[in-house]
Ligand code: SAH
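The chain below stands alone and is given in C-alpha cells; this is the form predicted alone.
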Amino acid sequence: MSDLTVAERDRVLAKSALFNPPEATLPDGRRELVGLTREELVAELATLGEKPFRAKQLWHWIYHQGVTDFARMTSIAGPLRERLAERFVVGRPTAAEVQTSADETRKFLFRYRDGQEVETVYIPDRHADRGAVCISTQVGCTLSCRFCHTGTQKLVRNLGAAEIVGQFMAARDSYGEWPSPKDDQPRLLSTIVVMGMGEPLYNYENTAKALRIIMDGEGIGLSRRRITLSTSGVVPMMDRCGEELGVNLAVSLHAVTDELRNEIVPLNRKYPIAELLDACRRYPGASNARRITFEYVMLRGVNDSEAEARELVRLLAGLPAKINLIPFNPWPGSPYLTSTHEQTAKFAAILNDAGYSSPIRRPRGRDISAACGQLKTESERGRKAVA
C-alpha cells in the first residue's frame, strides 16, 4: 500500500471517529459486556480479582449459549454471579417494532439506549433451513446514493461493536437459535450480510471488532465464508478489510462509467471505477471459489442497456466475480423506475454468456419496506446530522 493510500486510510478513520457511539455504560454505572474483546473481558474481570479462565466461562455463556441473565450461568459460583450482576450487564437492543412479510422476511426496528434506531432484516431461504441476517453499521448513511432510500437519511452516528453484534444476537433470540449449533447442524440464521444501513468501511473499527466476535470459534462461531461485507467502494479500507478480516466482499457498482456512477453513487467522485476495481483485484482470497460479488441495481433507461452489459463484461475481465442484478425497489419520491423483466433478462444473458454468474435477485420483504435500498428510520429527526 502506498504512503498516499495509508494517509487516506488514516483520514477515513479519523473522520469516522467523529461519529463514534456513546460509551457502553448504563446510567446506573454498570458496564455492557457484549462487544468486548476477549482481552477486554479479561481486564474487566481482573478488576474483581478474577483469573482469565472466568472470562472464558463468560464468553461461552454470552456468545455460545446466548444467556443474558447471570443467574443462569450455572458453571460460575453463586457469589461471583451476584457480583457480576452488580457491575455488568449482558444486553440486547430493544426491538421497538418487528414486522414479518408475506414471504416470511422479518424486519426488526432496533432501538438503542440513547434512543437511536436502526433496521435489521432476516431473509429466509424458503427452500432450505437457512437464511441471512442483514445487519446495519451506522444510524443513517453518509453516501447519499440516489437510488437508495437509506441514503436519504443523514448520518447520525456510528454503531458500536455491541450494537452491531447485538443485532445478530437479538435475531437469534427471536428464532430461538441458542445455543450456537455445531457446523454440521442446520441453522436458520446461517449467514450474515453487512448490507444494512450505513457504509461499514466508514465505521471500520467497530464493524471489525463485531465481526471478530461473531467469527470466534468458541462463541457464535460463524465462519468468515458465511459473512459478506458490502461496500460502495471505500478504496483505502478495502485492503485492510481483506487482510484483517478476510470475509467475502460485495461491491455496490451500479454503473459502468464514471460519469453515471458519479451521479448515482457520489462516492465515485473520490474513488472512481478504475481505482475501485484495482482494489478488488488486490482483495486477499479472491478466487473462483470465493468470488467478489458486484451488486448492480437495475434502473430503467439509466444503466440497463445491452451496451452497458457488454462494458461490464469488459471492466470485470480477469476478476473472479459474480454479478447480482437487483430489481430497483421503489420508495416514495424516488426518481427511478424498475427495469422491465425483459430488459433485465437480456442484460443477464450477456453476462452469463461471458461466463459470469448473474442471478436476478428476487425482491424480498417489499410489503414491509425490507427490500434492498428500502431501509430507513426516522432517527435523524431532531438530531445532529452530516451536512
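Sequential numbering from 1, following the sequence displayed. Given the structure is predicted, the values throughout are model-derived calculations rather than measurements.
The next section is about a form of this same protein that is not shown, the form predicted in complex with the ligand.
- At least one heavy atom of residue 194 is located within 4.5 Å of the ligand in the model of the complex.
- Residue contact check for residue 157: none of its heavy atoms lie within 4.5 Å of the ligand in the model of the complex.
- In the model of the complex, residue 295 approaches the ligand with a heavy atom inside 4.5 Å.
- Contact annotation for residue 232: at least one heavy atom lies within 4.5 Å of the ligand in the model of the complex.
- Contact annotation for the candidate site: 147, 199 and 329 all lie close to the ligand in the model of the complex (heavy atom within 4.5 Å).
- Only one listed stretch (102 to 110, 170 to 178, 199 to 207, 75 to 83) carries heavy atoms within 4.5 Å of the ligand in the model of the complex, and that stretch is 199 to 207.
- Of the candidates 268, 120, 303, 252, 252 is the one whose heavy atoms come within 4.5 Å of the ligand in the model of the complex; the others do not.
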